[in-house]
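Just one chain is shown here, as structure tokens, and it is the form predicted alone.
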């Protein structure tokens, strides 16, 4: 007997998978074609891959852009995980009369769009430049600092900390561990799924960040991959083969991070805590 329900389900899933994968397949095909073939809508692989790669690396500072993007994404992600985990742990473990009020205000800050904060942030880093030029305007640290933590990640860690066994904290105190020792030696290893999930989200957000680097970065040597790709398409006659090649190169790191950490990502998003 034909199970029409299963057939219908697989057809829908196949269509959804194709729609999801088609943009990436299109990118891979386009990076092998000439610009004129891409504008014609060619869906067949070409023989222009190495020429596109050669033109990209010969005419644009791709290595510097990759280094800047990796530096920003890695440093911002590590700092975000530490600061957000500390804040979420503190909000959940320690008792204070005003902590719920502070946490509510923190959540309300999520309603403020980042576009509304850009001008104050730019003026802040402009003033900082006069005292500490190393973290002022047109530096990679100016891109990193606003993303050291967000209200979402503090909320995310606090919610996952609710499932953390509090008896382990008391056991650590009895064994003579300091509060920081308990945090780094007991809490953090137990939250590896949450850390992986938050790390993936933070890394992808910082890697793909475009608006704030566009505002704060002024020199070509400090530009990131999203800025480089944007510049590739700003000419009068853009080379679409080179553009798609740069897009694929810029997509690979985030795809690899998610691929290797996807199991932890699913468990972390569902609130799994390893005891």
Partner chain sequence: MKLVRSKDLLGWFFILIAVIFITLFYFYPMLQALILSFQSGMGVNLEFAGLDNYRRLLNDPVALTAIRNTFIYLIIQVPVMILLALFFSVLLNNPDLKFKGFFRTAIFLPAVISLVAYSVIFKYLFSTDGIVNKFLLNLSLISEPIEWLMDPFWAKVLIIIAITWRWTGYNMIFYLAALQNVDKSVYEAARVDGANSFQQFFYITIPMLKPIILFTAITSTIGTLQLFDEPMNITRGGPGNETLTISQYIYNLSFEYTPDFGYAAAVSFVIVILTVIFSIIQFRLRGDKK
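Numbering follows the first chain given and starts at 1. Remember, it's a predicted structure, so these values are computed and weren't measured experimentally. We call the rigid core whatever largest set of C-alpha positions still superposes within 1.5 Å between the two forms.
Same protein, other form: the form predicted together with the partner chain, not shown, and the subject of what follows.
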Problem set entry | Candidate site 26, 41 and 120: all three near the partner chain in the predicted bound form by heavy atom within 4.5 Å | yes
Exercise. Using 4.5 Å between non-hydrogen atoms, is residue 247 touching the partner chain in the predicted bound form?
Worked result: yes
Problem set entry | Exercise: residue 31 in contact with the partner chain in the predicted bound form, heavy atom 4.5 Å | no
Exercise. Closest heavy atom of residue 95 to the partner chain in the predicted bound form, within 4.5 Å or not?
Worked result: yes
Exercise. Is there any non-hydrogen atom of residue 146 lying within 4.5 Å of the partner chain in the predicted bound form?
Worked result: yes
For this session: Taking the partner chain as it sits in the predicted bound form, which residues of 156 to 183 have a non-hydrogen atom within 4.5 Å of it? Please list them.
Result: 156, 159, 160, 162, 163, 173, 179, 180, 183
For this session: Note yes or no: does the Cα of residue 13 move by 2 Å or more between this form and the one not shown after the core is superposed?
Result: yes
Exercise. Does residue 168 move its CA by 2 angstroms or more between this form and the one not shown when the core is aligned?
Worked result: yes
